[in-house]
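There is one chain below, alone, in structure tokens, taken in the form predicted on its own.
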Amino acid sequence: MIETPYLLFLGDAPDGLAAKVAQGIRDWRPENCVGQLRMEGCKADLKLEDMTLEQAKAAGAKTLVIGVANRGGKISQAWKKVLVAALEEGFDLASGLHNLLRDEPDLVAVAEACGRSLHDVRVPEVEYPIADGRKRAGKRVLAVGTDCSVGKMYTTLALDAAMRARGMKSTFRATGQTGILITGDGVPLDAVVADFMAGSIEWLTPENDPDHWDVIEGQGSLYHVSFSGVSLALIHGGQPDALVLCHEPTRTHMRGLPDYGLPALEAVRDLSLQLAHVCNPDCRVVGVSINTQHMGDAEAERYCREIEDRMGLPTVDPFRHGADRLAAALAEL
């Protein structure tokens, strides 16, 4: 088990989105966050107290969590001095990067010498099956996006909370490192061998009561050439009964792909349904989630109304406005 509370390490993140792991933990498990540690040049700020290792230790922090999700998931050499110092100060380390802590000899040596633990969240711990496509009892809803990092995890966490508040049977199913750090369980999908990705989602969302909903955290985008594989595995492994479209309207291009524009919501709707109908012909889109974090209140409300009128679907920012309208749409299925 990863010991809490955490000191969130933002490193030298070039922008707020690069620190989305730390942001997610702060927003959904604030009671586990003592403060933030930033290096010189860091452009991310969670509005937590900036602390040194010594200050955080005195405040009770037990684990330094690498809260940065950089392209490729690499442990930066520039971070090493801080990570080593954290171990020597008595912190455990936790990371959701592809580049594993346990594969860094210098960190392993210091951890062993100091009696500290290294936690790699992005490591599959189960021998997942190959998907068989058999229909399972229970219901499932999946968030699909126009791009990476547009709010699919926030949407599903907020939707799960709204469904529970309505008395619906609901379980959030984490499929990425941040969701796993928030909830303590899930499948690190992008670290699963390709042949077993869809099978891992079948395993994650097993047979259940007919009125129980698995709320599946989305990953990537079918239109993102770098990460479309995980998106398709979620659709075919999850066999969703419902989809929620997720979009961030201020983007000028795909995350990390300046030569690729974002697809229209209608295109995402149509392609996602076409692929979902392969394994569940009854799947339908029930709503739209808009990430309005870069908009003012009036602009956010106006934009959501415009999308709702255009798409004919309930449209909200679940983190800003709540997800009850999306939960209501699911309750009607």
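Between two forms, the rigid core is the largest collection of C-alphas that superpose within 1.5 Å. Everything numeric here is computed off the predicted structure, so don't read it as measured data. One rule holds for the numbers: they count along the sequence shown, beginning at 1.
Not on display, but discussed next: the form predicted in complex with a further copy of the same chain.
Screening 222-230, 100-108, 204-212, 165-173 for residues having heavy atoms within 4.5 Å of a further copy of the same chain in the predicted bound form returns a single hit, 222-230. Highlighted residues Ala194, Leu271 and Gln274: every one comes within 4.5 Å of a further copy of the same chain in the predicted bound form, counting any heavy atom. Residue contact check for Ile307: none of its heavy atoms lie within 4.5 Å of a further copy of the same chain in the predicted bound form. Taking non-hydrogen atoms only, Ser95 never approaches a further copy of the same chain to within 4.5 angstroms in the predicted bound form.
The closest heavy atom approach of Arg116 to a further copy of the same chain in the predicted bound form falls outside 4.5 Å. Interface residue remark: Asp190 is counted as part of the site for a further copy of the same chain in the predicted bound form, having a heavy atom within 4.5 Å. Think of it this way: in the predicted bound form, a further copy of the same chain has a heavy atom of just one of Leu83, Ala198, Leu181, Leu243 within 4.5 Å, and the residue is Ala198. The partner is absent here; in the predicted bound form, the one residue of Ala137, Ala78, Val126, Ile130 having a heavy atom within 4.5 Å of a further copy of the same chain is Ile130. Shown here without a further copy of the same chain, the chain has Leu257, Asp259, Tyr260 in 249-266 lying with a heavy atom within 4.5 Å of that partner in the predicted bound form. Put the two forms on the same core and the Cα of His98 is off by 2 Å or more between the shown form and the other one.
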